[in-house]
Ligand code: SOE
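Just one chain follows, in the form predicted on its own, and it is written as structure tokens.
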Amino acid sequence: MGSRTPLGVGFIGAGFMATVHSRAARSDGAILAAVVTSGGAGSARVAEALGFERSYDSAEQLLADDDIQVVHIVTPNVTHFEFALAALDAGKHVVCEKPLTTNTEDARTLVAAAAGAGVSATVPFVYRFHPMVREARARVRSGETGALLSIQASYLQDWLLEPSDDNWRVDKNVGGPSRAFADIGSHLCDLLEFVTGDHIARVQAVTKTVFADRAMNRTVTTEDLAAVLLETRGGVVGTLLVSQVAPGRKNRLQFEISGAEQTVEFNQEDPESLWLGRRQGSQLLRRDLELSADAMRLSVLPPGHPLGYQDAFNAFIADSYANVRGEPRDGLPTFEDGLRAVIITDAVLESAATDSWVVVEEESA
């Protein structure tokens, strides 16, 4: 930290993601100033459990705290818009969990509000911060893979495999109209566009709700899985499979990008390596000392000392806080990226509902 003044941060929300965010904030030396739960109840208990200095009974009280420069929003999806807009109106820098919002117009409003406030506004697409993802990006962008031809990617989990498994995300009134795709498919699409530098142009999708009745939620309409055929603006064709009912898959985000010369494959459950496929002499590349500059910047431990999800999250928060201080970092996911994910999700839902190809709109500059 040196002589750098620590940032004061406040959290709106609790639960698993608040714990992850708080570890990352503490890792960067931030002061955990205050927390409030989305409904206000239990804030004192959360403050004690996560190590915040104080708690509030309402978001309005937290946003009025002059000791807080950055607000983390880790609440249920449908509340993101309300809390993020209030934080921006209060002049706070914002880190908002994804999906940024549950519809495109609200996401556009937040992007405009962040620009108008002149503050840092980021979304934790944290898989960008694995060093070997940055290495894949450097190799694709340098042309080492050759002209890109195809993409094969999936994000598979099994935490909602049984009808007795349930969660607030299942309820469209709390989690929004999309579940599996908005929750984890958004990560997958963000990563593909980040690595390739190419945007998804159109999609044809099928979604499926495996269990219409769960333990706490009846008449479930949000999807358990989605399969998507896509084409990018650069003419690359690809397939995506997103599922929260894939037995044995805990958090397997995997992509395989094939060019005319080389294929690059990454698997988040083994984030220390890339598979480089060639017609002759394929290779398993482990994180080592001879990587791209961007990958080396994120390699905060020597080779052989594995880096994982929390390390990637820590790196995202460190870069977000650097941005707050006026020190921008390459590859930082902003509210514009959050909007992009919402636009893609809306296109997937429309395609599944109409059984047709749907164009993924681009935002005007």
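Residue indices: 1-based, along the sequence shown. What you see is a predicted model; the values in this text were computed from it and never measured.
The same protein also has a form predicted in complex with this ligand, omitted here; what follows describes it.
Only one listed stretch (177-185, 68-76, 136-144, 221-229) carries heavy atoms within 4.5 Å of this ligand in the predicted complex, and that stretch is 177-185. With the partner omitted from this view, the residue of Q283, N251, S273, T209 that lies near this ligand in the predicted complex is N251 [heavy atom within 4.5 Å]. With a 4.5 Å cutoff on heavy atoms, Q157 counts as touching this ligand in the predicted complex. With a 4.5 Å cutoff on heavy atoms, K98 counts as touching this ligand in the predicted complex. By the criterion of a heavy atom within 4.5 Å, R169 is counted among the residues contacting this ligand in the predicted complex. Not displayed here, this ligand is kept clear of F194 by more than 4.5 Å at the level of heavy atoms in the predicted complex.
Proximity of F81, A112 and T345 to this ligand in the predicted complex is absent: no residue of the three has a non-hydrogen atom within 4.5 angstroms.
With contact defined as any non-hydrogen atom lying within 4.5 angstroms of this ligand in the predicted complex, Y309 is the only contacting residue in 308-325.
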